[in-house]
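First comes one chain, alone, set out as structure tokens in the form predicted on its own.
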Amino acid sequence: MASQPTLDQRRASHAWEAVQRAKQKQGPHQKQEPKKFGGQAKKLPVRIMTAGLGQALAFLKAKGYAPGLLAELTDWINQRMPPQGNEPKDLLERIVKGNADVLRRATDEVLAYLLWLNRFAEAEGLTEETEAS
């Protein structure tokens, strides 16, 4: 009997697929530069720790640097924490309208997911040169 993949393996699998889609400019990554995806993913954990998940995601959305990154995070969180009832599917909207428990759980999950995403993005060469942004 085959065992179920661990949560960390599922995070890794989703992150790997996200990096591959970004690299090939597929789906939500069609209008973004792959290196911008990797660069913004690398900066996101610091932004989350500094300003919080909602502020970090709002910054990402406002700047439009990596719309695919926001889409991948939303997809992963919706898999891990399916929206209940009338809860919105958009991650940023869920953060704004959700309670403290949703914010805490989503923050922990996004930070854990970004560990894998950043490792794979770096491994696939999706890194930006040092620049201010």
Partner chain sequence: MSEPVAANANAALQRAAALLFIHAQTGLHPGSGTALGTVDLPVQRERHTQWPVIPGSTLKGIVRDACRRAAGNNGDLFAVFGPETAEAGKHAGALSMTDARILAFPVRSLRGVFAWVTCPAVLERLQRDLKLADLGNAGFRLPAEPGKDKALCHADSPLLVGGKQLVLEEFEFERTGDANDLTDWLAVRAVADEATQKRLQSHLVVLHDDDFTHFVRHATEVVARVGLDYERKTVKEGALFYEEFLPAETLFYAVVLASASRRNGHSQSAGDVLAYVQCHTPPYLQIGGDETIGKGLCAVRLVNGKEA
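Residue numbers count along the first chain shown, from 1. Since the structure is predicted, the reported quantities are computational estimates derived from the model, not experimental observations.
Omitted from view is the form predicted together with the partner chain, to which the following refers.
The closest non-hydrogen atom of Lys89 lies beyond 4.5 Å of the partner chain in the predicted complex. Within 4.5 Å of any heavy atom of the partner chain in the predicted complex lies no heavy atom of Ala12. Contact annotation for Pro45: at least one heavy atom lies within 4.5 Å of the partner chain in the predicted complex.
In the predicted complex, none of the heavy atoms of Lys31 sits within 4.5 Å of a heavy atom of the partner chain. This chain is displayed without the partner chain, yet in the predicted complex the stretch 103-111 from 56-64, 103-111, 69-77, 23-31 comes within 4.5 Å of it by heavy atoms. Residues of 56-72 that come within 4.5 Å of the partner chain in the predicted complex, judged by any heavy atom, do not exist; none qualify.
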